[in-house]
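A lone chain, given as C-alpha cells: the form predicted alone.
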C-alpha cells in the first residue's frame, strides 16, 4: 500500500502530466523564440497553455509568467527591490526559507527589515499595521504555511496595507508565496488583492523545475535581470514548454474538483488528528489550516521518529524539505508561531495529496499507534 505522506514536500507526477510532457516534447521541439514555422507553433502552444492555466486560476494570461519554480519566482520579486531606493520590507516569521533568506542581502544593500510575529500561527492585521512606516515598500506574507498548514488572512492583511497607502499616497508591494495554496485552499487569486504570488508545479502532481509568478500589474514590474527578454521581459531564458504543458495538465486535474477534494481530504485529516490525540500527541497545526497538512509533536526527536516511520514504510517529514537543514527550518517556523522549543524539536509533518485514500490513512494510523507504543 502507498504510504507516502510527504506531499507538502513534493508530489508524484501524474500520468496525465507525464503524458502532456511527452506530447509537447515530441510534437513541439522548437524554441518558442525562433521565428521559423516550428518555433511559431511552439510559441502558439505556449500561449495556449498559459491561457488555459489562467482561466482555471481565474486570472488573465498576461498576469502569469512561467519560471523554474517558486524559489525563482520569489527571487524575481525580492531581487527587484534592489533596483529601487532603500526602504523597508516586512515579512512574517513563518516564511519559507526561500523568502527569509533574502533578508541578509537586502539589509546588506541598505534596506530595513521587520519580521512579524505569527501568534498561534497567524499574522495579525494589527501587528502588520504597527510595522507599516512611510518608507515601507514591500510586504511578504505566505498564503499557507508549509510546516503547519496555517491559512493566513491574506485579504485582511492586504486591506490593512491598502488603507495605510492612502495615508502615504505611495504603493506598497504585497507579495504572497502561495505554493501550498494552489488547489488546496480557497484562495481567489484576483480577489485576494495581492500584487504578486509564487506557485510550484511539483506540489500538485506536476513536474519539478516548473513554476509560475503572478503579477497583478506586470507593466509596472521591473525584474533585476530580464536576460533574453522571454516571458514579455519578466523572465529570461528558453521556456520549458514540455514542463509548462505538464503543469497545465496538473492544474486541470486539481482545480476543477478542488472543493470536493478539500472536503474529502478534510475528513481524512480529521480522522488522523483524532487518532493522534487519542495517542496522547499534541497537534501543532492550528484549527484554521489547510486540510492537506498536519503537524504534531511526536514522543521522540523528530528525525528519530520519522526514521522509525520510514522503516515501517511511512514517508513523513521532520520539517521543510526545501532546506538542507530541514529540521532547523521547521523548528524556526514553529518557534516563530510560539510553539514551545521542546515541541518544536519533536515536530513531525504528515501531508496529503488529493489522491490519498481512506485505506492509506487507516494504515498510517495503525503504524503510528504501533510506533508510539513501541511495538
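Residue numbers count along the first chain shown, from 1. The structure displayed is predicted, hence computed values, not measured ones.
The form predicted together with a small molecule exists for this protein as well; it is not shown, and the discussion that follows is about that form.
Highlighted residues 69, 177 and 203: every one comes within 4.5 Å of the small molecule in the predicted bound form, counting any heavy atom.
Put simply, residue 96 is close to the small molecule in the predicted bound form: some heavy atom of it is within 4.5 Å. Taking the partner from elsewhere, residue 146 is found to have a heavy atom lying within 4.5 Å of the small molecule in the predicted bound form. Proximity of residue 142 to the small molecule in the predicted bound form falls within the 4.5 Å heavy atom cutoff. In the predicted bound form, no heavy atom of residue 157 sits within 4.5 Å of the small molecule. For the options 118, 74, 251, 294, the one in contact with the small molecule in the predicted bound form, meaning a heavy atom within 4.5 Å, is 74. Look at 179 to 187, 220 to 228, 280 to 288, 262 to 270: in the predicted bound form, residues with non-hydrogen atoms within 4.5 angstroms of the small molecule sit in 179 to 187.
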